[in-house]
Each structure stands twice: as C-alpha cells, then as structure tokens.
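Below, in structure tokens: the form predicted on its own, a single chain.
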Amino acid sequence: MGPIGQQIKAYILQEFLPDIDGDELLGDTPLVRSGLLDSLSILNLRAWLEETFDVGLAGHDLDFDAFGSLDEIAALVISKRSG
C-alpha cells in the first residue's frame, strides 16, 4: 500500500474504526461488504478525500465498488489526481 493508501487507512481507523487494530485492516479488506463502512461514513470519507487530496468526486464515483477497499479508494484518488 502506497502513501496515499496509508493516509486513507489512518483516517478510516481514526474516524470510523477506532477499536480495530491497524494490522487487521489490509489494502484488500472489504470495507462496505463487511459492514466496516456504511453510507454515512462513505459520504464523510468522500468529503475528506476531496479536501485532503484536492480532488473532485462525482456522484458516480461513490459507487460502493470504488469504496470497496483501501486499495480501490487509493486508486480512485490517484486516477482523479492524474486526470
């Protein structure tokens, strides 16, 4: 997991999963399907991503598949930053 993924992981652990050991949250851990994140946390995460990484996320970017894991969220941010 690269630096963007690590930053996203730290935020998710701090804001939504304070009782989970960081070693348990891997890049491919399912976030939505497992119930770790819900729709409200996705909206809060979206706002944080836009502000932190200076990216714009459209409505179709909020697909649960794009927010399915840390790796997928990091890939979305990287794609928005480069294009």
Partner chain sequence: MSPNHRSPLPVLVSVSLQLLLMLAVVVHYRLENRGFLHLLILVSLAFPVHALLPMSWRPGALLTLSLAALGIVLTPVPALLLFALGCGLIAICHLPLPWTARYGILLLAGLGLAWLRLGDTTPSFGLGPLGALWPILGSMFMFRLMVYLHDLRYGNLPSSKVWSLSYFFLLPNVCFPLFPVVDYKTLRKTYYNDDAANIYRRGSRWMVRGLWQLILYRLVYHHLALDPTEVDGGWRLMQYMLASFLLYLRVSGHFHLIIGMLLLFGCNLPETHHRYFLASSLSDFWRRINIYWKNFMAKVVFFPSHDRLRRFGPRWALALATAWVFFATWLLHAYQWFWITGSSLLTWSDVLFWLILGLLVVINVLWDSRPGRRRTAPRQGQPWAHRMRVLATFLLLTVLWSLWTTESLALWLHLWTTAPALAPCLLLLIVGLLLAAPWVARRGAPLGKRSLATQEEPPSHDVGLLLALGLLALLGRPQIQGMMAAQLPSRLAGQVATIGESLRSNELNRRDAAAQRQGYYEQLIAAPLDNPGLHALYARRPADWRRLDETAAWRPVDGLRRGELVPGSQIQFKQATLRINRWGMRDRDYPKERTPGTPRLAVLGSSHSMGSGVADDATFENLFEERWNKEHGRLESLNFAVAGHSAIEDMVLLDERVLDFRPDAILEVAHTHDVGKAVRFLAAALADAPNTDHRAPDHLATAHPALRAHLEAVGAAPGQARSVLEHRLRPRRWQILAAVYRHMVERCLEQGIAPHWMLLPLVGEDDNSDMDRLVDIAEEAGFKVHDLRHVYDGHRVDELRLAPWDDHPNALAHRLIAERLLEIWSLADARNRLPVFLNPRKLSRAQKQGGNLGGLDRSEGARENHANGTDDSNPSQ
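Bear in mind the structure is a predicted one, so any value in this text is a computation, not a measurement. Residue numbers count along the first chain shown, from 1.
Same protein, other form: the form predicted in complex with the partner chain, not shown, and the subject of what follows.
- Taking the partner from the other structure, the partner chain in the predicted complex has a heavy atom within 4.5 Å of a heavy atom of E15.
- Using a 4.5 Å cutoff between non-hydrogen atoms, A74 does not count as a contact of the partner chain in the predicted complex.
- A residue is said to contact a partner when one of its heavy atoms sits within 4.5 Å of a partner heavy atom; T29 meets this definition for the partner chain in the predicted complex.
- Heavy atoms of T52 never reach within 4.5 Å of the partner chain in the predicted complex, leaving it off the interface.
- Taking the partner chain as it sits in the predicted complex, the stretch 31-58 comes within 4.5 angstroms of it through a non-hydrogen atom at R33, S34, G35, L36, D38, S39, L40, S41, I42, L43, N44, R46, E50, L57, A58.
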